[in-house]
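Shown below, as C-alpha cells, is a lone chain in the form predicted on its own; questions about how it binds or moves come after it.
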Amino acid sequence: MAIVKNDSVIEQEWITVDAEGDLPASDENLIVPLARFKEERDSLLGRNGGLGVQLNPGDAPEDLADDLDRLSIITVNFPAYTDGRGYSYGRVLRERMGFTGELRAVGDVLRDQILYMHRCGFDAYDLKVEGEVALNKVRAALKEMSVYYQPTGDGRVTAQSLRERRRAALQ
C-alpha cells in the first residue's frame, strides 16, 4: 500500500487505533475514530504526538468544529466505492469548516474516484498499490479533466468563468 500526497509517495507516519485498542506512546502520531475522540478528547489532546481523527460513514464532521485547529490529519473512510458520503465530508470540512490540515481518503480508494475526491478537498490518498504505481495513478487521475462545470472549493476555474473572462477580454 502507498500513500500519495502532493505529487509524492509519503511514508506512513500515523498509527491508526480502533475504538478499543491500547494507545501507543504519547509521542506517536495517532489517528482515532470520531467516537473515541469524543469520549477521550481531553486526554488525547494532551498527548505530545500529532493527533488525527478518522471519519466513518454515519459520523458527523461537524462534531470536530471546535477542535479542527488541533488536528493535523483527518482520514475519511470509503468502505465501498458505492458509498459517497466521504465526498460530502470533504467538502464540509474544507469549504464550510475551513480545515487546513491533511485530508486523506482511506479504504476502497479507486483511481476513477481520485479526481472527484481532490475536487472535494482531499489532498492525500491511501491506495492499495505500491509506490510508483500509486503515484502514476494519482497523477493520471488528476489530469483527466481540464474544464469543470461545477464549482467546488478546489479553486479550479469553471467553464462559465472562462466564458465570462473571454467575453470581457473581447469587449
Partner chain sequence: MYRYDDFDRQLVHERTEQFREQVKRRLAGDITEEQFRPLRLMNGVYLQLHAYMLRVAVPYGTLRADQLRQLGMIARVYDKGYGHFTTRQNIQYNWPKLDEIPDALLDLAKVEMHAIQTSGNCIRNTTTDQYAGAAADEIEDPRPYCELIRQWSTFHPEFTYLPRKFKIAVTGSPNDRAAVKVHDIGLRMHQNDAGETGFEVMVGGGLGRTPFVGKTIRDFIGKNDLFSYLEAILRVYNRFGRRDNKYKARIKILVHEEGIDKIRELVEEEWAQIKDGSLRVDDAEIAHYIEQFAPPAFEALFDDDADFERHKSENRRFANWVRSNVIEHKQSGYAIANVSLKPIGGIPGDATDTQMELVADLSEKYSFGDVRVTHEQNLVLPHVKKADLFAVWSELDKANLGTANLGYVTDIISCPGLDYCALATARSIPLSQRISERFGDLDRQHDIGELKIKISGCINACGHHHVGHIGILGLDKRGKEFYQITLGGDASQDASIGKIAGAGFSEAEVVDAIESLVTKYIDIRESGERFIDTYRRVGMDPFKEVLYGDR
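All values reported here derive from a predicted model rather than from experimental measurement. Residue numbers count along the first chain shown, from 1.
One more form of this protein, predicted in complex with the partner chain, exists but is not displayed; see below.
In the predicted bound form, the partner chain sits within 4.5 Å of a heavy atom of residue 159. Although the partner is absent here, residue 61 lies within 4.5 Å of the partner chain in the predicted bound form, judged by heavy atoms.
The partner chain is not drawn, but in the predicted bound form it has a heavy atom within 4.5 Å of residue 113. Using a 4.5 angstroms limit between non-hydrogen atoms, residue 53 is distant from the partner chain in the predicted bound form.
Here the chain stands alone, but in the predicted bound form its contact with the partner chain, taken as any heavy atom within 4.5 Å, falls in 141-149 among 141-149, 123-131, 66-74, 38-46. Comment: the partner chain is not present in this chain, but in the predicted bound form one of 79, 84, 101, 98 has a heavy atom within 4.5 Å of it, namely 84.
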